[in-house]
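Take a look at this one chain, the form predicted alone, written out in structure tokens.
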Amino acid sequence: MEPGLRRAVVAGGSGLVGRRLVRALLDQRVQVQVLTRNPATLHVPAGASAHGWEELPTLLEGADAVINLAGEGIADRRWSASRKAAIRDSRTRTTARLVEAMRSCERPPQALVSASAIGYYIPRDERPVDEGTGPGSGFLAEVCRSWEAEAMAAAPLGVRVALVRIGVVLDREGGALPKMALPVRWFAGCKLGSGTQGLSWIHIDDLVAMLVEAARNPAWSGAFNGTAPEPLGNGAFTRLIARRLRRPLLPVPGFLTTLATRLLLGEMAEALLLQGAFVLPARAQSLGFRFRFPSASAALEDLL
């Protein structure tokens, strides 16, 4: 068991990252309580328990850490006004509800590890950014600022708050990588847009390790970039996928992929695919965090 981490409450434990996090915590003999809207139907691994939101604030009383990953999927479907509201509210209102419950605790949790996203920085040019860089503009940047502000409201309660701005999570079971690899496998891969826009990624094993360290280590306070130390342009990353799968890439002009992506996905295309940032995990590295997969080639070798 990690020092100082005996009981953790995980909100959003049923998602891609949450499921892996719960298993990792259990492997370290941490008592894991998963906060969910449907505790009766959620399957959790042996050793964990599922709890409804109506159990707040009792569930948070005396917890060593609360890890908040809750939120609607950003890329699940095309953005409409109602979809954007759901993306925003599922993050800000959930986080606000957690912090409000902490106010009612006699012994608030020692730490709140709250997910954010590198959308905080987008759009950016090709210059690398770190945690000292100011926010970008647009819908995702606005969501991230509001989301983080709700989490930081726990700090005056004596709760240590760590914000993890998560990049593109690479995993073989789901998320972005299978979708990116599919056209390459079928000899239809190509860069998107100019191909120079930043793609800041992280192997899921490294992200889970980072979340656990943020929950455990008192030095982790404030904002941290949940990205690997080798961000790449979209074109360079796509070439690595093609090399790993031994497939050629189509020489499609950037303006054509830009047009097609915009027609297919609308506003979401700009924010998630055609814009980007080269985001460095400066603060995690300064605290001695070591990546198992620091390079994209190593991550893709493991996952593809």
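The shown structure was predicted, so the numbers you read here are calculated from the model rather than taken from an experiment. Counting begins at 1, following the sequence as shown.
The following text describes the form predicted in complex with a small molecule, which does not appear among the structures shown.
Annotated contact segment (heavy atom within 4.5 Å of the small molecule in the model of the complex): 65-73, selected among 233-241, 251-259, 65-73, 25-33. Taking A117, A111, V129, A151 one by one, only a single residue has any non-hydrogen atom within 4.5 Å of the small molecule in the model of the complex, and it is A117. Of the listed positions (V161, V184, M210, V169), a single one reaches within 4.5 angstroms of the small molecule by any non-hydrogen atom in the model of the complex, namely V169.
Taken together, the three residues H203, P281 and Q285 lack any non-hydrogen atom within 4.5 angstroms of the small molecule in the model of the complex. Among heavy atoms of V9, none comes within 4.5 Å of the small molecule in the model of the complex. For the chain shown alone, S14 is a contact residue for the small molecule in the model of the complex, at least one non-hydrogen atom being within 4.5 angstroms. In the model of the complex, S221 stays away from the small molecule, with no heavy atom inside 4.5 Å.
Looking at Q197, you'd find every heavy atom of it more than 4.5 angstroms from the small molecule in the model of the complex.
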